[in-house]
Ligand code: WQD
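A single chain, nothing else alongside it, follows as structure tokens in the form predicted on its own.
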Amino acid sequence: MTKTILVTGGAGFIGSHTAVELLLRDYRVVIADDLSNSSAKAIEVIKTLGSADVSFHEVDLTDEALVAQLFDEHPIEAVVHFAGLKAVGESVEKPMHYYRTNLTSTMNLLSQMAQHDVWDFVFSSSATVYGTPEQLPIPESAPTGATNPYGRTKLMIEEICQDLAAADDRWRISLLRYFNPVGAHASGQLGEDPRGIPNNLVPFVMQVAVGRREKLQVFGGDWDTPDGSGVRDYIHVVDLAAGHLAALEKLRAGCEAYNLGTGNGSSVLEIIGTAERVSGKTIPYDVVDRRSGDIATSLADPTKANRELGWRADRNLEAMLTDAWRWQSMNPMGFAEN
């Protein structure tokens, strides 16, 4: 019998791409999203690309009664949890908002899962749980120590999950630590559509390329890297979505953490150069001072996910930015114009 999966935050960037992949694998999908940083228009695109219907609920997961209603109305058998606030800078300015939203929503979900006899949980965590890395590439066994409230909410949720699994062996939990998701669906119909000024590099680069923003700021040109700009491990969002399916299908008793990344690093200047090549546009930029809390290099060691989940990220940087540009050029103002 086809499983029903609850996807929280399913109208967002990573959630929407994962929902499409779930539908293509013949899962039934229920999406819960409060649309605070996403668009309801993504739901229609998910249905089109996934060639199936989804049940969509505009729900604030900090309201436990509404969470209970989701489980009462649908025969949910597993949860993939993306919903949450995610801007590092904003989390520093509004820590209570981040702790209240991210922790309360997750505890409500886990509580209602247990009450409804649902024990399979895939959590959208982050490489920010590692803080400043002591070794590169970073294995799952590396020390954790988030350096901002956003990262600390991810780490606290991981610890809650570990405690739950230790207390009750019915829980089967995967903690997926993403590195830097970029790209878009190959159709150009689904991609990253941040509200306001993008917090992440690639959507900002693409908005400059499409003429929506004047120029880019590169934070620091004197890092200890080959070209002086920061190096990160970028992963195509469709590869990342496939990682969630692999984790869901390989869940086992207990709580396991997995890095989802490529193990390869690209610098900010390399991103700009590749984006100029795939878009045919000049992308002006200024090199400015480093940001507080930034690090020179972050790279995943994805060996555990490769080995235990049978998953591997195989789209390269050019493919990532080609797909990101296709989405941006077809949708210059994102979902707002559709």
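When you see a residue number, it is the position in the sequence shown, counting from 1. As the structure is a computational prediction, the values presented were derived from the model and not from experiment.
Beyond the structure shown, there is the form predicted together with the named molecule, which is absent from this document and is the topic of what follows.
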Which residue among His185, Arg232, His81, Arg152 has a heavy atom within 4.5 angstroms of the named molecule in the predicted bound form? Arg232
Which one, Ser91, Thr106, Thr128, Thr262, lies within 4.5 Å of the named molecule in the predicted bound form by heavy atoms? Thr128
Looking at 195-203, 254-262, 94-102, 109-117, which one sits within 4.5 Å of the named molecule in the predicted bound form if you count heavy atoms only? 195-203
Any chance Gln217, Arg291 and Asp294 all have a heavy atom within 4.5 Å of the named molecule in the predicted bound form? yes
Would you please decide whether Val268 lies within 4.5 angstroms of the named molecule in the predicted bound form, comparing each non-hydrogen atom pair? yes
I'd like to know whether Asn180 contacts the named molecule in the predicted bound form, with contact meaning heavy atoms within 4.5 angstroms. yes
Considering non-hydrogen atoms and a 4.5 Å limit, does the named molecule approach His236 in the predicted bound form? no
